[in-house]
Structures are given as structure tokens and as C-alpha cells.
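As C-alpha cells, one chain now follows by itself in the form predicted on its own.
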Amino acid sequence: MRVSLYVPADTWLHRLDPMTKLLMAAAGVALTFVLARIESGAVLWAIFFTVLGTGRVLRQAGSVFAGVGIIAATFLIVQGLVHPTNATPLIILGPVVFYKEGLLIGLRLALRLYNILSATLVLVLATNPADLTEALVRRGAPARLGYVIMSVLQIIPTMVAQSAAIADAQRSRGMETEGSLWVRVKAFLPLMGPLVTSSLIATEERALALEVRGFGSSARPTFLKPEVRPPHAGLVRIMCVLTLAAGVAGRLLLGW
């Protein structure tokens, strides 16, 4: 059972140390809000697209992009219909009119959404949560903060796996979980009850296991293996800083 979204591979992106990938994600999210023009957002997304592709995690990222496509479409529809600055009709479908100004604003919002997702996926898909947690603790972060980060990165695949196992168990007992909307609604509570209960039990068991391993100790932990930083990590860090600086300068001087 997979307990994280991490995709193991041997690429330049996976070989980067976790702090470098964390810097990449932070710089990407910052640039998402710094850059205001649609063209700038499209270039930023193209950069992320290239990074994810060369890191061999583009297929997994594509599933996330497709999943939030309805949200991006909502941005376009709502802004194109009702934004206060709408003045220029662009698409007319009977009584429904989509305006140029609103569609451009919706496109900008959709690009921001995808850029934030891309920056996050660069870190999440190519970084083992245990390595990220260890890197943060090495730099003085509290162990509790590392545990929270690891739990957040693992909660989605863990819940998906548990819900699938519970659904299989309920179907083996004769319960219908697939079919019409009413059938799915009736199956919701029998599925959610065991899921919530098992999650609470797992949380208690995890807390006991952590205390047995000295999680609450105030002593500085030691680490089993030394931290490894590949030679190209320094160049990637410099490029992240320079790209962020160029984005800020371009926004202030050229209106990017």
C-alpha cells in the first residue's frame, strides 16, 4: 500500500536534496503571485511542465491537473459572465454572453491555480516524505513539525487505500456500493463510519508508537545516514533565486 504521493525514480529531480526542491516549490509559488500577466504565467507553467516531464512525474501530475480542471473551468465561466469590468462581448450563446475582460481574468486565475499545483507537485511527487522531514529536523525544526508535514503528505493516499479496502469488505458482505445516485448515498454512511473509526484508531496507535520511540524527548536526535547533496543542487538553487529576482524586477520595471 502506498502511503504517500512520492513516485520513486532515478532522475536529476529525484536526486536533488529535499531543501533544494523545497526552495524550488517556494520560489514557484512566490512567482505565481508576483507575475501578473497571462503571458508570464504561461511561461512559468511551461517551466514547471518541463521540470515535471524531465523528472518523469508528468503522468501523475497530469491526473491532478485533470482533477482540478472543473475548478479552472469555473473560473472562466464565472468571471466571463459576471465580472464587474466586463464590457466587450467575445462569445454569445443565445442569451448567455461571455465577455473578453472576464475570460482573461478567469484565465489568469486558472494559470495561477495550475502554477501553484505544479510548484507543489515538484516537491510532493519527487521527494520522499521521510527525507523531507529529516532534512527539516536536521536544520533545527521541531520533530512535531516534521510529523505534521509527513502526516499531511501521507493522508490522501492512506485514506484512499483505507476507503477502497472498506468498500471491498462491505461489498463482500452484500452491500451495494455502485449504481444509481440513491444507491451511492445509502452506502455513504456504512463506508464513512468504519473509515473515521479506523482513522481515529490509527492515530492513537501512531501516537503510542512515537512516544515509545522517544518522540517527546528534548535531546537532539542523531541520524542514521549523512545528508547527501548532489553537485547540481547548488546550480539549481542559484537558478531559483535568480529566477525569483528576475520575476520581481520584471514585475516592478516592465509590468510582468
Partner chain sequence: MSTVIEARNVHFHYTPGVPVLTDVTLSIGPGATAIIGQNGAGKSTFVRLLNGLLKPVSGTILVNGVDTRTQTVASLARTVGLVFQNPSDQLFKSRVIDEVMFGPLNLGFSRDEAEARAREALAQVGLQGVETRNPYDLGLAERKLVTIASVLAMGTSVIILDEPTIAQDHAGVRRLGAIVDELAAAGRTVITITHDMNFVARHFRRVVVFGQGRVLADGDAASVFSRPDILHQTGLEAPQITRLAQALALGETPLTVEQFVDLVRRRLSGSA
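Numbering follows the first chain given and starts at 1. So that the term is clear: the rigid core is the largest set of C-alpha atoms that superpose within 1.5 Å between two forms. The model shown is predicted, which means the values in this text are computed figures rather than measured ones.
Beyond the structure shown, there is the form predicted together with the partner chain, which is absent from this document and is the topic of what follows.
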item: Among the candidates 230, 69, 53, 193, the residue which, in the predicted bound form, approaches the partner chain to within 4.5 Å (heavy atoms); value: 193
item: Which of 161-169, 103-111, 89-97, 69-77 lines the interface with the partner chain in the predicted bound form (heavy atom within 4.5 Å); value: 161-169
item: 4.5 Å heavy atom contact, residue 116 to the partner chain in the predicted bound form; value: no
item: Residue 174: touches the partner chain in the predicted bound form, heavy atom cutoff 4.5 angstroms; value: yes
item: Distance check, residue 60 to the partner chain in the predicted bound form, heavy atom within 4.5 Å; value: no
item: Flag for residue 39, CA shift 2 Å or larger between the shown form and the other one after aligning core; value: no
item: Yes/no, residue 197 Cα shift of 2 Å or more between the shown form and the other one with rigid core fixed; value: yes
